[in-house]
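What follows is one chain in structure tokens, specifically the form predicted on its own.
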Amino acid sequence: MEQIVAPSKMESFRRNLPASLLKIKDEDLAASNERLLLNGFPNSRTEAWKYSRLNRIASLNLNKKTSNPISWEHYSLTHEAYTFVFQNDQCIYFSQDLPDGIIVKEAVNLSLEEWKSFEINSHVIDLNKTHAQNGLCVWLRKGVNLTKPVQLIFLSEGTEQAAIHRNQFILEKDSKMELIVSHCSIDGKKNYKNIVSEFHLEENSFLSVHKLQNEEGEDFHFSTENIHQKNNSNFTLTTLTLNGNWVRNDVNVFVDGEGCETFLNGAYLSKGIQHIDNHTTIDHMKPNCNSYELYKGVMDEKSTAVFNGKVFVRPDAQKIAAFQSNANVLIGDEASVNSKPELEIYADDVKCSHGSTIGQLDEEAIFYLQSRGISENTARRLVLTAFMQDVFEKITSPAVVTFLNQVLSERFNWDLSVLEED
């Protein structure tokens, strides 16, 4: 009698996912498929996933539904931007009034030669590579300084839908751009979002990215950013996780040039049983560079968070200044966070530091404010605002500041109007 072998969790998860529509080398696809087949989903024995269990994701029964484009204007942060909107796996809006010096294409329209190769592997990237349906690709030509930001909106809609995108941004020498990426959901339930974005910064280019995650419902969100920096380039990523059922952010920065500056900022706010995981890596491969990393979180009720930040300094990367900080406040009795900042330094002429704190609200500060006639609830909000202030002040986009103020006022009853005044 023939033995029946049950399919693995990975096989079941991929059963209804369509094959990638992007042009990728056959050998790369074959390698990704082989790794997914052999390794499946990582478990708690895998260090990078120790505190972010994937059982609920693995049990999703994903399917593809064709739906009519929705009205997306409500989710736009600003009208003064070059805007591109994706609903699940379809592009539903594409700005046409683009200035000279910028080329924008949907990912499905890129040739094999136009893609930069993937440099790292994970089950998230392998799933993206084998099932990506679309994405946005931007080339900024030499010396171009965009006067308006590029706005990229991802909307999840429906039940157990998959949105798998690969984005690519190339900034040539002496170019400058601001990018606003927002993730929202509309009546979403158990949707799976897998977004991989690659950024290639050539000499003396400047890129500032604001990423906002504000998803209702029970969606599962995976974001991966791979950044490649050349000489004297400047990269800033500010990640604001304001709402989300299950969120994982992986940021990998390869500093392959001298005179570079890298800034990673993050704020995450959770309640209920939400789970937010931030994993970052900054790899200093060349000398004379600076990197600054600041992540702060507030966890309420039974929510959980993870922060794992790694900084590598290679043997030839002398005169590196790298600073990393993660601070957390637990305002729920059952909330928890696992924080692990790491440094691996193989050079001897460097200035590097890291730190992590986990605590509760400063009751003395709250008592002091109450003694000045402020109510307890207002005092607590003021203390939390002060705690998060040094992350919020990193936001350089007025549109993002306005949106942040609105969300925090509605969801947490915070008042950040002072940021707009500054």
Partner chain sequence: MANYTEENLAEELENQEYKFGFVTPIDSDTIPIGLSEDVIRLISNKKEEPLWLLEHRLHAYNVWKTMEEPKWAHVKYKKPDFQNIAYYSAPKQSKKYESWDDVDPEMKATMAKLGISMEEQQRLTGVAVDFVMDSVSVATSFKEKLGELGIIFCSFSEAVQNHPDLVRKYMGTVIPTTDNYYAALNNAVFTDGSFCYIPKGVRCPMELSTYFRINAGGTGQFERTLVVADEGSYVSYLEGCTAPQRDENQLHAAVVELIALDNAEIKYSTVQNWYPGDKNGLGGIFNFVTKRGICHTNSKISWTQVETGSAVTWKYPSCILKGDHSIGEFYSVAVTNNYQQADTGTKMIHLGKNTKSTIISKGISAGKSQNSYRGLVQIHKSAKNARNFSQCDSLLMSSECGAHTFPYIECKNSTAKIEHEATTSKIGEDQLFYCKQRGIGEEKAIGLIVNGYCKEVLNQLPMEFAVEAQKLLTISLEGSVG
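Owing to the predicted nature of the structure, the values given are computational and were not obtained by experimental measurement. Positions refer to the first chain, counted from 1.
Beyond what is shown, the protein has a form predicted in complex with the partner chain; the following relates to that form.
Against the partner chain in the predicted complex, the set L330, A335 and S356 is in full contact: each member has a heavy atom within 4.5 Å. Checking 50 to 58, 378 to 386, 36 to 44, 392 to 400 against the partner chain in the predicted complex, the stretch whose residues place heavy atoms within 4.5 Å of it is 50 to 58. A heavy atom within 4.5 Å of the partner chain in the predicted complex is found for exactly one of V104, C352, I92, V124: C352.
Taking a 4.5 Å heavy atom cutoff to the partner chain in the predicted complex, the contact residue among D187, E80, E342, D100 is E342. Heavy atoms of N214 never reach within 4.5 Å of the partner chain in the predicted complex, leaving it off the interface.
The closest heavy atom approach of E73 to the partner chain in the predicted complex falls outside 4.5 Å. Contact between E119 and the partner chain in the predicted complex is not found at the 4.5 Å heavy atom cutoff. Although the partner is absent here, A347 sits close enough that one of its heavy atoms falls within 4.5 Å of the partner chain in the predicted complex.
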